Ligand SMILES: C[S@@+](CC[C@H](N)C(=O)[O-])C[C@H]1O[C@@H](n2cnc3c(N)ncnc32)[C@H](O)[C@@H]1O
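A single chain comes next, written as structure tokens; it is the form predicted alone.
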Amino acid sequence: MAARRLFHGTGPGVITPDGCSVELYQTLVPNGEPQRIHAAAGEGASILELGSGTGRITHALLALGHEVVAVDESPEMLAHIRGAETVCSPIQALDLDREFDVVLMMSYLVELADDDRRRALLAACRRHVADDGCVILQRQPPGWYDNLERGYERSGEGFRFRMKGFHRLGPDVVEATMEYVVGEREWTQTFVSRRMDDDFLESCLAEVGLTVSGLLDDDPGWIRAVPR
């Protein structure tokens, strides 16, 4: 999959290299994720947030008492973060020479459909997690890939998010396009994603010296991994 364009986006304002809209991210609010992370991390845990965006989760974790270092490759995203140390860098190239109680990688980044880049992302997680710490990963539950024909749509006052289309590129790989409408503004993001079932995820983690230690709140979309 390395030769295929993995991300692109359209719409007003700045679009980041992974196809995300900075303006759209500014409109998003947490939906219980910070509390879930806080419960798994423990009081006062230091957190390295990989792919922080504009701080949707960052600011809530700060309010819960955590020291957070927010990493993103988009300076336009990081410009909206307040109260946390920020680092502008691609995740795979990150080397802070520091360790954290928790390394957080959300937004389904682990499902990147490029073996080398995925390995580099996970290696960055291992490089920065303390030996007694943990890595928290967000993935689509494996069954999500089997049910794409049902589509996806979420709407509320002034916004609508839906899956505009998808193509199966293989038994475990899809190219999908999401459409986001907020008021008069409209964006799309197209991405190529690879199913991370339990066995494949464990094998990818093992390559970099990590192993699954459990789920957060018994949710298959949230993985807790620890150093081997």
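The first residue of the shown sequence is 1; numbering continues from there. Just so we're clear, the structure is a prediction, and the values are computed from it rather than from any experiment.
One more form of this protein, predicted in complex with the named molecule, exists but is not displayed; see below.
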Only one of 121, 102, 113, 84 comes within 4.5 Å of the named molecule in the predicted bound form by heavy atoms, so just point that one out. 121
Decide if the three candidate residues 148, 165 and 193 all line the named molecule in the predicted bound form, where lining means a heavy atom within 4.5 Å. no
Just to confirm the contact call: exactly one of 53 to 61, 156 to 164, 35 to 43, 198 to 206 touches the named molecule in the predicted bound form at a 4.5 Å heavy atom cutoff, so which is it? 53 to 61
Does the named molecule get within 4.5 angstroms of any non-hydrogen atom of residue 18 in the predicted bound form? yes
Using the partner position in the predicted bound form, report whether residue 107 sits within 4.5 Å of the named molecule, counting heavy atoms only. yes
Would residue 141 count as touching the named molecule in the predicted bound form under a 4.5 Å heavy atom rule? no
Heavy atom to heavy atom, is residue 133 within 4.5 Å of the named molecule in the predicted bound form? no
Hey, which residues along 73 to 95 are within 4.5 angstroms of the named molecule in the predicted bound form, non-hydrogen atoms only? 73, 74, 77, 89, 90, 91, 92
